[in-house]
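Only one chain comes next, encoded as structure tokens, the form predicted alone.
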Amino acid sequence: MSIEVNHLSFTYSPGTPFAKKALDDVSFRVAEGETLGIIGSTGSGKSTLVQHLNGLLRLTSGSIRIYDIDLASKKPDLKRLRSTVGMLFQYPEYQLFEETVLKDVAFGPLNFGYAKEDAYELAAEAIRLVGLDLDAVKDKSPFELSGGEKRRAAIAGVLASKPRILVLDEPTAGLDPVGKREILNLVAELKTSFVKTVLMISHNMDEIAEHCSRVLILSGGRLIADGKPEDLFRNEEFFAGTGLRLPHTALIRNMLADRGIHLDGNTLSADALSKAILNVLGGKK
């Protein structure tokens, strides 16, 4: 297992009038190679959960193990943890700060103790990996890049330290449809290299349905469902009271079923749904 979370609870400002329980007895495991979607309404505990996974929030109740790193130990190796678990926050381009793209991307490896030459080699490799032209961007200010290029540069900064686990908090927020598709395709490509496991938080149910092999649903700090998207998104009961809605493809499938048109197989992607509808209608693609 790459991640084991057992009975994790967390309360902000404990022992004060402002105490708020953000996580309540959450347990799950993530096998290496999974793409795990984490969904829930605002305040459900998603960000609090993932911030535990690379030590941004100190463990106060329960246990977490990332490969052989035990976060419940007295002195967990946070430097090794954070090089193992790469965290990309929402709107990561706002965290770009160095004079040049190359320096910004190299910041992580330098911080983790790589020699300067090695750090810059890792940065150059990461910039190429995310599809940016190294020669064109390395000496540019990050603020000269387009929105999509900034997002790629920020991802490169996370990848430069070669994490085995990549955590993405709303990775397509603020991007146009083309930019969203490019980032999601990039994430899929990264899993063919050194990134083994991906965890993705998103409010976009269509993205989760199409790109994740498994989904966790959080509500009020509790884990209320854990399963394959094709199972969870067939049943609207899982979403009752969460403020979430089914992906558009699932809504269309259910609407057709109500009209006596039943589709076979997994139809959570737009392409799969189109093919299933054409198959029922006897059409040919």
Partner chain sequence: MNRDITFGQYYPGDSFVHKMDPRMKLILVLVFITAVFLVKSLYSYIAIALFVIVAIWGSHVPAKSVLKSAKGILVVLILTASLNIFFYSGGERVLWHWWKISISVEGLFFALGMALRLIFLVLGSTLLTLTTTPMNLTDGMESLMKPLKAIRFPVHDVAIIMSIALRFIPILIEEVDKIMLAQKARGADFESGGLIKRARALLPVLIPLFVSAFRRADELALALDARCYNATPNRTKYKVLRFGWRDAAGGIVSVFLIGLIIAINYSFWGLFGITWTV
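Residue numbers count along the first chain shown, from 1. Note that this is a predicted model, so its numbers are computed, not measured.
We do not show the form predicted in complex with the partner chain, though everything after this point is about it.
**Q** Would you mind picking the one in 185, 95, 193, 213 that has a heavy atom within 4.5 Å of the partner chain in the predicted bound form?
**A** If I apply the 4.5 Å criterion carefully, the residue I get is 95.
**Q** Does residue 111 reach the partner chain in the predicted bound form if we count a contact as any heavy atom within 4.5 Å?
**A** Yes.
**Q** Tell me, yes or no, whether residue 79 is in contact with the partner chain in the predicted bound form, where a contact means a heavy atom of each within 4.5 Å.
**A** Residue 79: contacts the partner chain in the predicted bound form.
**Q** So, in the predicted bound form, is residue 56 in contact with the partner chain at a 4.5 angstroms heavy atom limit?
**A** Taking the distances in the predicted bound form, the answer for residue 56 is yes, it comes within 4.5 Å of the partner chain.
**Q** Even though the partner isn't displayed, in the predicted bound form is residue 206 close enough to the partner chain, meaning a heavy atom within 4.5 Å?
**A** Although the partner chain is absent here, residue 206 would stay clear of it in the predicted bound form, with no heavy atoms inside 4.5 Å.
**Q** Hey, of 123-131, 196-204, 175-183, 103-111, which bit sits against the partner chain in the predicted bound form at 4.5 Å between non-hydrogen atoms?
**A** Only one stretch qualifies here: 103-111.
**Q** Any residue of 122-149 with a heavy atom within 4.5 Å of the partner chain in the predicted bound form counts; write them all down in order.
**A** Sequence-ordered list has one entry, 143.
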